[in-house]
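This document opens with one chain alone, in structure tokens, the form predicted alone.
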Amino acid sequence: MRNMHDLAIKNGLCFVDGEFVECNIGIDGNRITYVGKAEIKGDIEIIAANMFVLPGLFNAHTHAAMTLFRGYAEGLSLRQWLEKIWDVEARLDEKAVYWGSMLACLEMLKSGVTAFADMYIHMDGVAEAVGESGMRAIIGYGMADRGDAEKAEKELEIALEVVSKWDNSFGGRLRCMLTPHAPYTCSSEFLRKVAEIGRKKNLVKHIHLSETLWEVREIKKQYGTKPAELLDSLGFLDDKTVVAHAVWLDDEEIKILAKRGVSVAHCPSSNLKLSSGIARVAEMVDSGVNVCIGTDGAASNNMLCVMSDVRIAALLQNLRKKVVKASKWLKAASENGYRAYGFNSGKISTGMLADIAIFERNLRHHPLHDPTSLIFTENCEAYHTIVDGELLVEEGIVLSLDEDRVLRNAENVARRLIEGS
């Protein structure tokens, strides 16, 4: 065992293999190279006594640049909200998406989110923000053909350009995926084509599914089947598919997702805010579905704090009298997201990519009868955040970004977009 490391985290209460243990972590390059109780040293040392050390949190479904619309379309149901948002989104350009994504990266890093999955438009802007911030991400252009063959061809062309330009960029921190919007905005022919391309190119596919009861009824009316059954019949569902929301699934649909190895990005705050419903997460977990946590965009959540959504997710299942163990929720917030999108991280274990979030123990954590009860306190301020072995947040300060500059530019861009409405 080597005693000296590039970065050493010492004496933290670390979430390892589903439980909290006091130990040390050694990091060399972008990998975790030691986890244990032996004394270690580092060129950079973090004394984590009285702190929680978690695997990096993964925001499994978001639209990063929608930070620009935070608080813009309040008090609306999903369909009304979409109509208002789509109107202002039409004025977005690459510069606006860049600054909105920079604001999102700033917020996520400060809340211990080390990686995210993004489905949006003007993806060059998102990619540049990921590169500058130091975060890890998987991104895709949000496609919607709406039954128009010419539009379908153009949408696929844009999506594949993003893949060609950005996949495996920034030393592997940025990867790309295929992201058709939803079964009600994409034709069955288009979704079948996306599935074929995904298999051929070995790409992750990410799609909204069964977010609202309206969607379920619309798909049944149009196709005579349920949304998950429709996607399955098109060959869309497999172990490289992540579906967002999955609120209105019945038992048979949950079985289909489990059988195909599909992951679910659960977004409880967004589902509550847009009156979409409460997902049957406990049943998914019991069926073996890999459930991870997403915030959705800041326009339908107002925050990009994964730990806040973990708290809400756990409380909602408790309300349904379907209790899920706290340790499983912590895995949903970290390990499961990394697994869903094929990144070798999300665990504090040797050989894993060194993505780690460290939170201070505060007055809400006293007494600490069970450290996993961390999920029931509001933990949106990380003390340190490490991505790919790099210390990006130190004592709450983001080192990779100029916070004042990001805030100033994001405010200016948002004002221009909204005033144009």
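Note that residue numbering begins at 1 and tracks the sequence as displayed. All values reported here derive from a predicted model rather than from experimental measurement.
As for the form predicted in complex with another copy of the chain, it is not shown, yet the points below apply to it.
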Quick one: does Glu253 come within 4.5 Å of another copy of the chain in the predicted complex, counting heavy atoms only?
no
Does another copy of the chain get within 4.5 angstroms of any non-hydrogen atom of Lys41 in the predicted complex?
no
In the predicted complex, Leu407 touching another copy of the chain (heavy atom, 4.5 Å):
yes
Evaluate Phe52 for contact with another copy of the chain in the predicted complex, applying a 4.5 angstroms cut-off between non-hydrogen atoms, and reply yes or no.
no
What stretch, of 52-60, 376-384, 350-358, 28-36, brings heavy atoms to within 4.5 Å of another copy of the chain in the predicted complex?
376-384
Among Gly71, Gly171, Gly288, Gly224, just one has a heavy atom within 4.5 Å of another copy of the chain in the predicted complex, namely Gly71
Find the only residue in Glu107, Glu155, Glu89, Glu215 having a heavy atom within 4.5 Å of another copy of the chain in the predicted complex.
Glu107
Tell me whether Lys193, Leu234 and Met284, taken together, all sit within 4.5 Å of another copy of the chain in the predicted complex, counting heavy atoms only.
no
If we check another copy of the chain in the predicted complex, which of the residues in 403-417 reach within 4.5 angstroms of it by a non-hydrogen atom?
Glu403, Leu407, Glu411, Ala414
